[in-house]
Every structure is written in structure tokens, then in C-alpha cells.
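First, one chain by itself: the form predicted alone, in C-alpha cells.
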Amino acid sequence: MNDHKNLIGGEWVEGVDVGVNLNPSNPQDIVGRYVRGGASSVDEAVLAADAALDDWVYASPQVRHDVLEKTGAELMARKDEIGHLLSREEGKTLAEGIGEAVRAAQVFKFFAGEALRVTGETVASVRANVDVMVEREPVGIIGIVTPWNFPIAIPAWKIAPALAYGNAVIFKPADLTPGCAWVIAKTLKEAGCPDGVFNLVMGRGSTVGERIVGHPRINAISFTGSVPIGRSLALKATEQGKKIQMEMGGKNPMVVLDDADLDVAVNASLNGAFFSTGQRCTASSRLIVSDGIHDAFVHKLSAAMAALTVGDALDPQSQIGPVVDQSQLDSNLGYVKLAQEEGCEVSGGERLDGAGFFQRPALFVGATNEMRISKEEIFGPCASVIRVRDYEEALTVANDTEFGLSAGICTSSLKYSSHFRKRAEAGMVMINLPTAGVDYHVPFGGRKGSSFGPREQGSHAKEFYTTVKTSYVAP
């Protein structure tokens, strides 16, 4: 089995050691061998990016458009193959894996268009015979650090805008899921991305990630990952004056009111809480249900959970794949035990037989918002059910969290849906829809402990990947 190498300055280069990428559905199945770089690899990548940056910045936007368009077209053409790889290395079901590959392709194609739509302003000066122009320029060299749970979509929605707006990139994917990252690197290279403009440095966060954050020539950091790492990274980046964008955790509420359509509420909660094995920062991990519908909702949701097929990600019959690795599975099972200790009635949650890291979805009935299971992000197929009296209490409980990424409500009331949309303390609000599941052409991000810095995705991405210059011109 050949080693997949890092891409630095247009060349495939060795690292300091090699990691083995395993299939969480069957850890005996080796997906591939991927080299790990070190701090010196980052230094080499920065030198290459620095040398390539000027030509990329001042190239015609058509050049950037063509590279991104070709990349998106190739990813789309290979969606089945890439989706298969994604499901093998991360554990999403095959349908979800292919869907994520399609999303990555759509993102690249969208930002191909954005490369041609960088606009500015001409403003009348208060002084006679002076012209004022406001323009957007690239930030410079961007360090990109991504998580394992969306191994091609999240890299795409960071890399594509960075390149579209004329920046160079140093990209470190999650050590658990390097396969899809390597595919992006290969596809960009074959699409004609100039040597050094895009660099892939796979490796551990403690070495590669630390050096990306600390390198003085890297101008900005875009990070998606855990809250503790994000907070540490923010301090280091701020001390160095780097521009920073972070997406971190979520403990997202789904409010279900008495007047909700029961089928809609159950389907939205089932999807939001348990699909993708609950390994989404937008997952509905707190189901806040009012008195009148509570028992019927729990009964129907429990039955729907029990009917889900948990199995090998590549099996077309599987609706829920494995947890990503043993460490995450152990953490999930620890929260199931904690839910019992905190006094919840637990439905499901047990480890399932098989070679992979399989867990049945878990529902924690009788939870309160003060319990740890309702406060801490579990990042697995586990959801707390919190009973409330009415809408007012539901809104209070929904907002009583350190996070603020996504929030949902199921109701047939225009009054309550409108009020919730305005009062929910979250960056994204879903009405009669799962809290997970977003479009690629609109902004993504949250409030409070969930996000920091400008939004990701859509035309709003320019706020992070560009800087504003104001020019005054006299004849």
C-alpha cells in the first residue's frame, strides 16, 4: 500500500512518520496510509505559499474561477467514489457520504462564481476634486484546520473562498480522516492550482496545528473543532495579531410545542439528533417538549429510534453508521452511564455487537437543563428530553446554554415561530425543520461559545478572507 504524501510547493513530499487510516465500521480494514508532517513541513509550506502569493493575488479572477470550477466539476463527477471513501474513513452512511461529496463540489463551484464577483465602491469625498475608492484585497496566507466529522465539506467551505479571494492556503485536516483532504489536494493540483498556492500538511494538531497557529508569516486562521482547543488557539492567534475565525461546539435545542404536527416533530428530532451518528455540531441534543405533547412525542420518537438500522456505513440498509473511533465511543457510553446516574430513564444507548464502533441511539427521558448531559456537548447519538410547561419556559431553557449555534422549534403557530425566530440566541434558527442541515450559499455560524469571528459560507465569507482598503486619489 503506497503512502499518500503531503503537497508542498506543488510537490508530493514525505513527512516525519506515517498514520494508518482505519474504517470505523471495521477497524481491520485499512483505508490507506497517510504521511504526517511536522513543524518543519509547515515552515516549508509557508515558504512555498509566500513565493507563490503575489502571482496569485494579481492574477485575473478568471484564473481563480477556472481552478475552482474545474475542481468542483471533478469532485461532482467522482461523487460516488469520494462518498465511498468518506463513508469508509469517517463512518457516515453511504448516502450521507455521497451527499457530502456533492456538497463539497457545490461549494467549489459557488466560489468559482464569487471569484468573479469581488466588488468595491466609489464614494464621493467631502473634499473637492478627490475620489475615494473602497476595495477588497486578500488577507495573505491562511492557515486552515478542520475536524473529522465533515472531512470534505468543511475543508471545501474554507479552502474554496480562501482561494477565490486570492489567498494562499496551508491546510491541516483532522488526523483521523486524511483521505478526503488528500483527494481535495490532488484535485486542486490537477485543476491547475499554481504550485505553492495550496499546500496540504497532514499531521497531528500538537505539531502541525501548533506551528500553523504560531508561524509569524501566516496572516489568518480558520478553525473548526472543539471548544478547549478553539479557546487556546484564539488566545495565541490574538496575541500575534492574526485574523481568526472559529466554529466550535453546540448544545442545540429543538423545542416541540403542544400544537406541533407530531410526525413533523418526530422526524425533525430523529434526523437532527441521530443522523450522521449525532456527530454534528448542529445536532439536536436537547429536545425541549411541552407538557401536552410530551408523552406522545417520547413514545413515537422512541419507536422510530428503535426501528433505525445501525450498521456498516457501506451497507445500503444502514441508516446510522458507526461512531468514528473507540475513544469517541467510550466517551458516548460514559454519558449514557452518567444519564442513568443523574436520574434519567435511558432508552437505547448500548454498544452493539460487531467489529466496528456501533452504538444504538440514546434518549435520556426526564432530563433537566441543569444536568451535565444537557450542558456538555456529547457529540454522539444521544439526546436529552426536557419537559416544560409552556412556550415561555421552553424559550428560557433553550437559551440557557453557553452555546448558540442552531436552534429549532416545531409548532403550527405563526405567533410562536415568529417570536422564537427573533428571540432564540443562536446564529441559525430552524422552523419545523431539523437543526442540522444547512445550505452552502448562505452564512453559517453561531453565537456565544459556538463561534468567534466572521461567518463562513456564501458571500459573507469575504468578510474573513478579504481585508478592506480605502484609497484617496487627487488629480
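From 1 onward, residues are counted along the sequence shown. As the structure is a computational prediction, the values presented were derived from the model and not from experiment.
FYI, the form predicted in complex with a small molecule isn't displayed, but the following is about it.
Stretch 273 to 281 is the answer when you ask which of 383 to 391, 120 to 128, 273 to 281, 162 to 170 has residues with heavy atoms within 4.5 Å of the small molecule in the model of the complex. At least one heavy atom of Phe444 is located within 4.5 Å of the small molecule in the model of the complex. The closest non-hydrogen atom of Gly38 lies beyond 4.5 Å of the small molecule in the model of the complex. Using a 4.5 Å cutoff between non-hydrogen atoms, Phe150 counts as a contact of the small molecule in the model of the complex. A residue is said to contact a partner when one of its heavy atoms sits within 4.5 Å of a partner heavy atom; Arg88 fails this definition for the small molecule in the model of the complex, lying far away.
Though the small molecule is absent from this view, in the model of the complex it lies within 4.5 Å of a heavy atom of just one residue from Ala426, Val67, Val42, Ala436, which is Ala436.
This chain is displayed alone, yet in the model of the complex one of Lys189, Lys79, His215, Arg103 has a heavy atom within 4.5 Å of the small molecule; that residue is Arg103.
Taken together, Ile154, Trp157 and Thr224 are fully in contact with the small molecule in the model of the complex: each brings a heavy atom within 4.5 Å.
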